[in-house]
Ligand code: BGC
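The form predicted on its own is given below as one chain in structure tokens.
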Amino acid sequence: MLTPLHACTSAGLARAPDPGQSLDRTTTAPMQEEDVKALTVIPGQSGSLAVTDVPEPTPAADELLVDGLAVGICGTDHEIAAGEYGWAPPGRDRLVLGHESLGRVREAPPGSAFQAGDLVVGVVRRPDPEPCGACAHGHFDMCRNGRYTERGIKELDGFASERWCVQADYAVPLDRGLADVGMLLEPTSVVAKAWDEIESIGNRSWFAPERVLVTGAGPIGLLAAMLGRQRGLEVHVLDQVTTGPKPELVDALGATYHSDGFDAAVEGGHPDVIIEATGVPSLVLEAMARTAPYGIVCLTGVSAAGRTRELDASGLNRSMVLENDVVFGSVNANLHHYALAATALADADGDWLRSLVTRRVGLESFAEAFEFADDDVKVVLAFGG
């Protein structure tokens, strides 16, 4: 059962600053005993990303107190840092960044499912306090009214902090073997949801997929391919790079890597399922038109606005109708998908997961985590707790 979102006394959730106390002090200011370091940003203001001091969090009765270990850095973080969007908590200028979390429980409420020392990840999205029907039924990833909040993105502080709090109902326990890679749980939850929906849609009729194509070999694409291989499917991955870790990571999964374009990727047969993880318009349209009959296309990449392509809409409509094809979009995840993702990571090859993390950067060197490198797959900001 979902608990209502409440005013929290922790720095890990939205709250008003204490009278006379600023949350915008940089690390050049004298450090007070009750302060912890966090990576914060003024949403909408490019160049405002900084390590600042925030008050030591105090957990509410239903919250865990967590020592931050690491956060993953993704495209959303880059866009918020660039001032493209993001929303600070009410009454605040700065937002603690970071939604791909990993921490270790320091204190847990009596009677909770957690204890000190547990590895834990915080769920990103929260329903509106007066939720829509979907949120009220636990499907806050499908929010209808848009008044949800999100840790590190929309009106709630994120997890890029030395310590943070999270409601026990929105915390996900992790296998101890995932101590190096647990920050991959949030992106894995996104593809766990995608696969869950693919299977739900496919099972409206007889469904026995064999061949899967994933477009894009970033973290989302590679994790989607991993879940495809865990299902025993023939997996193909299409990306444009020819060197670096991506082809090797795909090969290590037992999947096939393609860099010669869409035609080469479907030469051996049109896929039953396509997971599109780039948002590149040409690939989106190719995916919609190139499945096998009864094909399913899941769009997980977000396209930039304003790009146009010529499209034979009537031909696409004809083929989709006559072949009973489905195209759908998928974003975010709910508690069920986080649980699926935790199981998928626990079942995965640990060395392969560790290979996804191509750079680890300390908090004080945060700017390096926001620089692009050709061989990057997943960059992690580490706290060393």
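For every residue, the number given is its place in the sequence shown, counted from 1. This is a predicted model, so every value here is computed, not measured.
A second form of this protein, the form predicted in complex with beta-D-glucopyranose, is not displayed here; the remarks below concern that form.
Check your understanding: According to a 4.5 angstroms non-hydrogen atom cut-off, is C74 in contact with beta-D-glucopyranose in the predicted bound form?
Key -> The answer is yes: C74 has a heavy atom within 4.5 Å of beta-D-glucopyranose.
Point to revise | Touches beta-D-glucopyranose in the predicted bound form: R125 (any heavy atom, 4.5 Å) | key: Answer yes; at least one heavy atom of R125 falls within 4.5 Å of beta-D-glucopyranose in the predicted bound form.
Practice item. With heavy atoms only and a cut-off of 4.5 Å, decide whether E150 touches beta-D-glucopyranose in the predicted bound form. Key: Yes.
Practice item. Find out whether any non-hydrogen atom of V331 is located within 4.5 angstroms of beta-D-glucopyranose in the predicted bound form, and reply yes or no. Key: Yes.
Practice item. Check each of A265, V190, V172, A81 and return the one that places a heavy atom within 4.5 angstroms of beta-D-glucopyranose in the predicted bound form. Key: Selected residue: V190.
**Study point:** Proximity to beta-D-glucopyranose in the predicted bound form (heavy atom, within 4.5 Å), stretch among 250-258, 182-190, 110-118, 211-219
**Key:** Every other range fails; the passing one is 182-190.
**Study point:** Residues in 80-108 close to beta-D-glucopyranose in the predicted bound form, defined by a heavy atom within 4.5 Å, in order
**Key:** Heavy-atom contacts within 4.5 Å come from Y85, H99.
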